[in-house]
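This document contains two forms of one protein chain, each encoded as structure tokens and listed individually as structure 1 and structure 2.
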Structure 1
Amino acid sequence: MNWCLVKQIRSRLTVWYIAVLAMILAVYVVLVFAFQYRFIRNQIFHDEVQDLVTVEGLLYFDDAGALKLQQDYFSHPQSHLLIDRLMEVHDLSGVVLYRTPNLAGESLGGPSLPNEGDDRFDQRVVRLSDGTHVSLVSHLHTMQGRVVLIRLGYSLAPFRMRMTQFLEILLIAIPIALVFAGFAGYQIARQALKPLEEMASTAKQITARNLNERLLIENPDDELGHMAAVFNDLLDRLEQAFQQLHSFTGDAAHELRAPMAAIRAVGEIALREQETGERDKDALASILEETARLEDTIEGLLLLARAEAARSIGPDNYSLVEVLGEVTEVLGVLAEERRIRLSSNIHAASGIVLSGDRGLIRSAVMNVVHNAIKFSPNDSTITFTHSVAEGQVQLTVQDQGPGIERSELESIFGRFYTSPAGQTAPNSGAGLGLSIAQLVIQRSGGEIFFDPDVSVGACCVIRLPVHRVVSGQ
């Protein structure tokens, strides 16, 4: 038996069901066999007594004093009752007066026992010299003024053979019954646990993005319905906690924007004052630099909160070419400062229309391109390519920077993650850009990852579902 199958509840239930049923059937077979054995033995004793009473009426002493058995009484002389009957008659002194030929001169039961058959029919089992066991009935009978002891019996071999066959039939029936019962039990357990499998499948698909989904409760009164209700209550509490967490992130970032803007404004004014010394100006410049970083972080948190609250399908239909054009136009100045060339053939995808939150997608693409510019060396090239297959458009952003270690390909999308690599650490920001990009792309039904097989730089791959393709553009 496959051990993996035994690990399943329905398989364990089936095994337990078969084991319990096997024990019940074993006890049932023992009881039935014992009852049947005892019933037939009593029936044999009763028939032997009836036969012995009949024989008592057929015995007589002839004129020579020899004991005879009247044979013409039976209408079927070849009956097994007559052929198989073993009988011996002797007087109280032990002298044998009559013995059936099938005993071949052998004594039936040996010498008389004390008080044997004196006031009732004695029953016992004796063994002949050939090993045959005989059910023997003894009784004292008075005839023509003489008291004789009549012993009558039949071989138990046919009875025991029939009982052995009966036991074999029962033992053969048990495994057959267990096979059918096991198959039926497995199907019943599978059917009973089917709602549990469906609930597990549904629960497996519930993530932080769709915490509003709930398990279907078919019968709230049974155990599975109660479990589903408890799980749904847990999801309610989790959804509420997530909503509070998201609100806190957005609210905290929003509340920090005003103080940070005030600090930056005061710092800029103080920096322009003539009376400010060079030492103070350096300090103010450092404060303004850190303030700018904090504002970027706050903007990232606000964008993250917006992306988390966004639905999977947004309200806008937009062109990917237009979005990428806006991004390259905004970041083109930054690229020009470092003499980085932005190479693209994306204009060929002008007929591709996507669906979703256009503003969030634009921010996601901008974060990816901004990262590529930050980590690219001066006088290098960033290449944009696209392709369409199986209802998805794939946009790649390939730079010529230091690349990404294979061990960081997953963790780089973590929130506030910054690479410890020496080549990239100086240009690292708050570590929210790629987290926001991944969240937005996934909420839009797409995926984003870095190609692990590139040999130069890093290649970010964005796949998004195509809403429609407009021909002739």
Structure 2
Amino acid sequence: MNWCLVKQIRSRLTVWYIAVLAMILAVYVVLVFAFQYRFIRNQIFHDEVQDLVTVEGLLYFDDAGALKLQQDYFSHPQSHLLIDRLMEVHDLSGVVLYRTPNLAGESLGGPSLPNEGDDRFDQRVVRLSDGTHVSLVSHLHTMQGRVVLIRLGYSLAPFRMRMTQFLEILLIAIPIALVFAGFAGYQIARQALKPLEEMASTAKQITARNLNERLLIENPDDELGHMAAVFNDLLDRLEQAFQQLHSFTGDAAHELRAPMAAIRAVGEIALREQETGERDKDALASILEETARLEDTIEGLLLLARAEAARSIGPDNYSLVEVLGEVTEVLGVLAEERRIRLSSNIHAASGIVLSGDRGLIRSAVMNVVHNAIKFSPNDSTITFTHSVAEGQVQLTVQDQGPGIERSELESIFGRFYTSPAGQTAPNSGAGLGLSIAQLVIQRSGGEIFFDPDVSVGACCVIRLPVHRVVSGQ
């Protein structure tokens, strides 16, 4: 059987099922037949021995010295023991003393064999001239001072016929049983696989347009229910990703279009104006400023693409404390300008080494700290804390700004997200900073979130897996 031809699982299951059943039945038939055969053959031998013993008691020599069988022992003259019994009695010199008429004068088993029937009942099968096989028992018997060899047998023909019939019945039953079993198996397989088929047809109808549809889970505990749940989970993530991509593309287009519109408007106005000089310069400068904005957005997008492409943990080993030190060194002037104090407890843990793309992590931390400075009021404090637990290093950046609404805690990491408060801030950027930070941290095996339980300001928590700890620091 070419398995490729049997495409459907239910057909394949049925074929397997039938094949296994056929094999079991074949073994069963062989065993039953062999057992039955042996059993009946033993029974026949047993009967023959009994009959022989009976016959020994019934044989006698009459007055003329001829061997006779006492016939009146059997109350039932039609007994098949009488009719079917084949018997021959020899004396030791091989002279036939008695032969049943149904042998029609033929010898039963030929001349005596050496030691035949010496002290027990010898059994063998002989073949008569008409082809019938006879099961034969021989025994030496002493009567009235003479030793005779008695051979007694029954034709095996009826037995063999019975066994043949028995085998035929068994063999005919097997295909019938297989047909029934196959039919039942097919139905069962179809029934069992039906939910799968329904799942497939539902799944087929789910496209990008109706990603919100889900598979029906009838029994969440069985295998199919489990599979449907897994599939639904996949659809969840797919839908989420799709929506993200969708809004992202829209937002990106908008972010790019706004400066383009400004550039175009400024350029067109400048061309229409008759006078030249200072105004032209103004227009050109404005165009260049918008171009810088465009570049900024593109730079952010490229950074996102780079972070997205960074599948595994990057090649660099670095210290988060060191990175934070560099970041605060660069951004310190911004804080200083607005009299924001940067307070930290961070000298204790300098032996901790992280692994990843240092440049990306640095951008991430830079964005987070810049965000905190941006939203801090003048004369306030930003507090950094640093701790290690369970193989993770945790960095928190706590400011005293307006804080984050609970409803915004998630969306604040969205691409091109700018909070209502941030839109008025100067240099608010394209709104990619925190999403870059989130992507980078997540790709490095860590997590970033805003602590929802702080009462004053916002507290950004960054957790990253520790690569190793250098002792002796």
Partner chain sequence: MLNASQRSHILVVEDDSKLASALVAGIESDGHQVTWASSAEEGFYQLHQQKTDLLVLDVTLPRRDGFDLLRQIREDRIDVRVLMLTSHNSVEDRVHGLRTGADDYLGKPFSFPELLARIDALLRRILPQATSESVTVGDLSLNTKTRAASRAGKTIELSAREFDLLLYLAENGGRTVSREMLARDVWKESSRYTPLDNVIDVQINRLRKKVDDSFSVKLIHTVRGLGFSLREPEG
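Nothing here was measured: the structure is a model prediction, and the numbers come from that model. Residue positions are counted from 1 along structure 1's sequence. Here, rigid core means the biggest group of C-alpha atoms that superpose within 1.5 Å across both forms.
- The form predicted alone appears here as structure 1.
- Shown in the overlay between the two structures, fitted on the rigid core, is a CA shift at D122 smaller than 2 Å.
- Once the rigid core is overlaid between the two structures, R406 counts among the residues whose Cα shifts by 2 Å or more.
- When two forms of a protein are overlaid on their rigid core, residues whose CA moves 2 Å or more are considered shifted, and A157 is not one of them between the two structures.
- With the core fitted, the CA of D221 sits 4.0 Å away from its counterpart between the two structures.
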